[in-house]
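Encoded as structure tokens, the following chain is the form predicted alone, with no partner shown.
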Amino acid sequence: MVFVTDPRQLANIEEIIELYGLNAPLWQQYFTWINEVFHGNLGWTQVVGMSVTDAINNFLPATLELAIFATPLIIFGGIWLGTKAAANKDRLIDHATRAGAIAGWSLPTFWLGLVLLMIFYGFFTGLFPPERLSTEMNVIVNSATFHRYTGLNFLDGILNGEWGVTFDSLRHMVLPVLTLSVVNIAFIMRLMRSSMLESLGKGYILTARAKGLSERVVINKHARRNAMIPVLTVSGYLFAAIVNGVVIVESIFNYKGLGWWAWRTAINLDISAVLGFALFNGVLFVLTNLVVDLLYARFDPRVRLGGGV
């Protein structure tokens, strides 16, 4: 069966049904679809007028930009705050971080994004604007002299020597990254605190303190390393979720990444695009789970990759 790249080339609906085998039995249509997927053909997305594969390649760099900056901020910020809270249990810093975590976790993402837009784009007159680039920088990026190496605006700006593009790209990422970070740091912090408290109650911590080790060494070297396992698991899926596209954040800030594209395809019932996006999600989560399993051995010496614990 031959698949046409652009369905708009076809004259009428009967040609589409015949060419794509839509009058064939369901089982035959399914295996035809599987065969095309393995050949890299995920169909056509009407929303942006290109193949689904090209759409994923086109919108993925925008979401990767958010993931590259938001994920380290979320993970390391949450780990640091959770460690401080657990090490100072029931003290002022513990109460303050827990109150902040509850407040951050309770904030609706769409509300926080709109408030940040109102303050930093409305009140401060375009200090941190939406979208990926300003109009002036878009002209430079789309010019013939600007080479697309990675699709990441901040990195391509550096590689092309266009520092204005890099600065403008970073300025546009501030509010989306901040919106993602506030909610997710609160979650990682609460998880890290509970895991640290469990580790601090173990016998090997009492032994380490009895040997005369400093509290800093006990906390950072012994307790925190063992408390990292559940945080590592969640962090891996967090990165995958951001790369898959944060629909609400990208929609609010008109940041045209995978999330923005997924939202547009869903409201327009672009079935091929929705299926392609779901398939991409599944593959990414499987790969992320594999990486997380491999990292377990780095943080927990009891884990052996060949035979479990």
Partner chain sequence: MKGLKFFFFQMKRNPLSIAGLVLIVIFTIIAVFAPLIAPTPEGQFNAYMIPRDGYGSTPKPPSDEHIFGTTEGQYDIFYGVIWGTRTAFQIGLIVMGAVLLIGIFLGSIAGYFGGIVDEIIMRITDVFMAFPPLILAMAVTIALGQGIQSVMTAIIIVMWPSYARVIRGDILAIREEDYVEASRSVGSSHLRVILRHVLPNSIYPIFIMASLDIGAVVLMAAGLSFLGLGVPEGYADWGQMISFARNWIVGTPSNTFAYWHTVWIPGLFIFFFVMGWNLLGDSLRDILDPRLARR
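Not measured: the values here are computed from a predicted model. Note that the rigid core is defined as the largest set of C-alphas that superpose within 1.5 Å between two forms. Residue numbers count along the first chain shown, from 1.
What comes next is about the form predicted in complex with its partner chain, which does not appear here.
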Could you tell me which of 37-45, 24-32, 57-65, 267-275 sits within 4.5 Å of its partner chain in the predicted bound form, going by non-hydrogen atoms?
267-275
Is there any non-hydrogen atom of Lys89 lying within 4.5 Å of its partner chain in the predicted bound form?
yes
Val286 near its partner chain in the predicted bound form, any heavy atom under 4.5 Å?
yes
Interface membership of Ser194, its partner chain in the predicted bound form, 4.5 Å heavy atom rule
yes
Using heavy atoms and a 4.5 Å limit, would one call Gly49 a contact residue for its partner chain in the predicted bound form?
no
Only hit among Leu73, Ala208, Leu155, Leu114 for heavy atom within 4.5 Å of its partner chain in the predicted bound form is Leu114
Between Leu127, Ile102, Val217, Val139, only one gets a heavy atom within 4.5 angstroms of its partner chain in the predicted bound form; which residue is that?
Ile102
Within 4.5 Å of its partner chain in the predicted bound form, all of Phe110, Val243 and Leu279 (non-hydrogen atom)
yes
Superposing on the rigid core, is the Cα displacement of Phe239 between the shown form and the other one 2 Å or more?
yes
Rigid core superposed, CA of Lys202 - does it shift 2 Å or more between the shown form and the other one?
yes
